[in-house]
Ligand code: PMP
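Presented below, as structure tokens, is a lone chain in the form predicted alone.
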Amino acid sequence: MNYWNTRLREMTEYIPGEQPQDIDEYIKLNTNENSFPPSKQVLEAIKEAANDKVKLYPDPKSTRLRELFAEQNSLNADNIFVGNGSDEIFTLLFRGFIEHNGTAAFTYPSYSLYYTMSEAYGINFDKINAEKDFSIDLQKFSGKNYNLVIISNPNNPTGTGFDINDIRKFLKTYKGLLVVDEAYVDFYGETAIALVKEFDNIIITRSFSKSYSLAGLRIGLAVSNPEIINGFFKLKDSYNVNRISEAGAIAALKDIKNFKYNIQMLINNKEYLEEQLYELGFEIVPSKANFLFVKHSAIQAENIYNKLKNRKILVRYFQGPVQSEYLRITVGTMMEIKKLIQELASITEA
């Protein structure tokens, strides 16, 4: 650490969900990946892109992908930026869209990378606590002149969401930059993308990691007005998205039939998982995502997490106020869910 600067030494490290080397031995329900693989069409497009053209740099602006997403969402290509996952987009946000003496605000609990990025770039921030039911009153962000506000819709790790009309109402008086992280929006479809045409101070972020089953390709999108999008292009690395990832994302957007099928399968599995968890004595936060935020009425969350891990089942446990009482469980395949319920029944009975 001799060569670390003060900010690096003092910042809180972001810890991703566990990715064990012997992953095939586990049922992995801890990082909200899609349980179902990409379609044959998507996999074929990825294979076809892995040709002799990999010796060439990719399109630095991911033009084809931007044009296709814009067409499907009644936007223009200059409303779209493609990043190396949503995480790169958040890095660029803190690098270029808030002054060092500005103040940001995020909900709590939420995606902890927001807090980490603030510390990494020396940005002061406030955490706005959720209500007891994990809902968030957006008007709580009006108490100070925040320069940047980030909300997740649906929120991670709780699965709760915001009404689009409430977001619109907030934007009518808010003068800073609002970022709506829609990594999980496809599961219940309440997107705020239309607000980009109404307000110049909103950015929508999207991910191909969840609903499109492409977490390994690292593709994220930012949707906003052309001036903000130009800022992202000015900040980004020269070739931030590789040609194989772009080909996979384009094929995924075109394969609407398989996309809708996978979404419906996940929703069905989620409803079954909820029913089984209720019968085992779990409390469940109503979720609009592909995961559930749950706690047991009699057994500590960390205890359940450790017992499941010993049985080769990974769920997510978070340290910190309030959220340490809960587990986040990704909705898996029906076979994975039934094995999880079997082990949870054994744990709760004991």
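Counting begins at 1, following the sequence as shown. What you see is a predicted model, and the numbers here were worked out from it, not measured in a lab.
Below: the form predicted in complex with the named molecule, not depicted.
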So which of 141-149, 258-266, 80-88, 93-101 is the stretch with heavy atoms within 4.5 Å of the named molecule in the predicted bound form? 80-88
To verify the annotation, which of these, Arg243, Lys254, Arg168, Arg218, has a non-hydrogen atom within 4.5 Å of the named molecule in the predicted bound form? Arg218
The listed residue (Phe162, Tyr111, Phe134, Phe187) that reaches within 4.5 Å of the named molecule in the predicted bound form by any heavy atom is Tyr111
Quick one: is Lys210 in contact with the named molecule in the predicted bound form, heavy atoms, 4.5 Å cut-off? yes
Can any non-hydrogen atom of Ala183 be found within 4.5 angstroms of the named molecule in the predicted bound form? yes
Would you please decide whether Asn156 lies within 4.5 angstroms of the named molecule in the predicted bound form, comparing each non-hydrogen atom pair? yes
